[in-house]
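The chain below stands alone and is given in structure tokens; this is the form predicted on its own.
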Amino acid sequence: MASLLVKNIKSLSLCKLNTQTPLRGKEMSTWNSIPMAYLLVEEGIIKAFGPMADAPSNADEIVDATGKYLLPSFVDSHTHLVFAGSREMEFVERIKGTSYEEIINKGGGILNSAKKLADTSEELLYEQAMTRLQKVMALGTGAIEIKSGYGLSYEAELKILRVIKKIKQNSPIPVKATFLGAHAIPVEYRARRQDYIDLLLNEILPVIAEEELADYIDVFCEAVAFSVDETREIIRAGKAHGLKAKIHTNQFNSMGGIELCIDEEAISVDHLEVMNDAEINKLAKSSVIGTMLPSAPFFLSDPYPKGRKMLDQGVALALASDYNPGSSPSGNMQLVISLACIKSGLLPEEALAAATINGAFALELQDQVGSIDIGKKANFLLTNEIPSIAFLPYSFGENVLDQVYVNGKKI
């Protein structure tokens, strides 16, 4: 039985959580850690850990982690990893003063990506996405969600989902798939919105269910995309096909998406740049996870989520990258953690909990990843020799990881 022993760990973090619900409030910053610790892995699974005084004497492979922190890998619970081409010219347009919403209304944004994707083969989409996956894994991501949504047609949405299914089959880390056909209204359907929704629900969803192409359903519930009533219709259709909801909402407007998602028992509400006090209070009292995507407002120069206020009110917060070609062309979770601290007021410990165990809950993967617990996958990170855990968000833009392990193997 192949075994790995990591010894002399400066601090083994986010361990022995054994929680059945996402962390909230003070739990976000008071998680367990063990100074001068060891970790034992057998066949890719965490077998044991504790203080060095209790460490076994040998293993097939031994790593000396003197001066280094050991963390569970990041769980990126909101990405659009499968896309075709970049959108740097829109980036330039925004620098010149054009807003993201204006770009969308002129046929750019999501619609621009949909045009490029329609002309890209399934094989090339897969190759490009796997390259991106390897890059984010090297930066510490040990589980990920990938959405469709850059297809916006019967053929293209299914093409993306089939690419994601292939990624699932070949990825060394857990992957969850989300159907986001309701990402935007295609130009040809703008005068007949319900026809597009009917296409999603009556033609695409049955194929998704038959081929088991998705775990979740998503809707961009925004003034530039889908109304609350339309979102409700799509969520309920997804439920009927066994897909739970993870919803984009409150990125630009507060329009009832939070209340809807609570009523419909969504797994998470994602973005949350625009939140009023009543919405924060309702979200805090619900079981719905609030996922912040701070690299999106960073890239778009938009307001940041009120992370400190949400956390203090008791919202179960997660962090994710929103990796996509238009509003967050980066999957670097280390940067996401830094931005959550710098711009949304989270403490380093809180941001790390949001990016690990709460992200795992947002993908219903809490039994596999997100913390250092016996029986979970040995997906973990060793930092460089850093002075404290706060150094990770403090040194924004720098990769502070020395080694990344997936299933107990260094990558």
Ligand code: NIG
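Residue numbers here begin at 1 and follow the sequence given. Keep in mind that what you see is a predicted model, and the values were worked out from it rather than measured.
Below, we turn to the form predicted together with the named molecule, even though it does not appear here.
- Judged against the named molecule in the model of the complex with a 4.5 angstroms heavy atom cut-off, the residues 150, 251 and 271 are in contact without exception.
- Just one listed stretch, out of 79-87, 255-263, 164-172, 202-210, contacts the named molecule in the model of the complex at the 4.5 Å heavy atom level, and that stretch is 79-87.
- At a distance threshold of 4.5 angstroms between non-hydrogen atoms, residue 245 is out of contact with the named molecule in the model of the complex.
- Contact between residue 324 and the named molecule in the model of the complex is found at the 4.5 Å heavy atom cutoff.
- Residue contact with the named molecule in the model of the complex: residue 196 places no heavy atom within 4.5 Å of it.
- The named molecule is not shown here, but in the model of the complex it comes within 4.5 Å of a heavy atom of residue 110.
- Contacts between 218-235 and the named molecule, taken as any heavy atom within 4.5 Å in the model of the complex, involve only 220.
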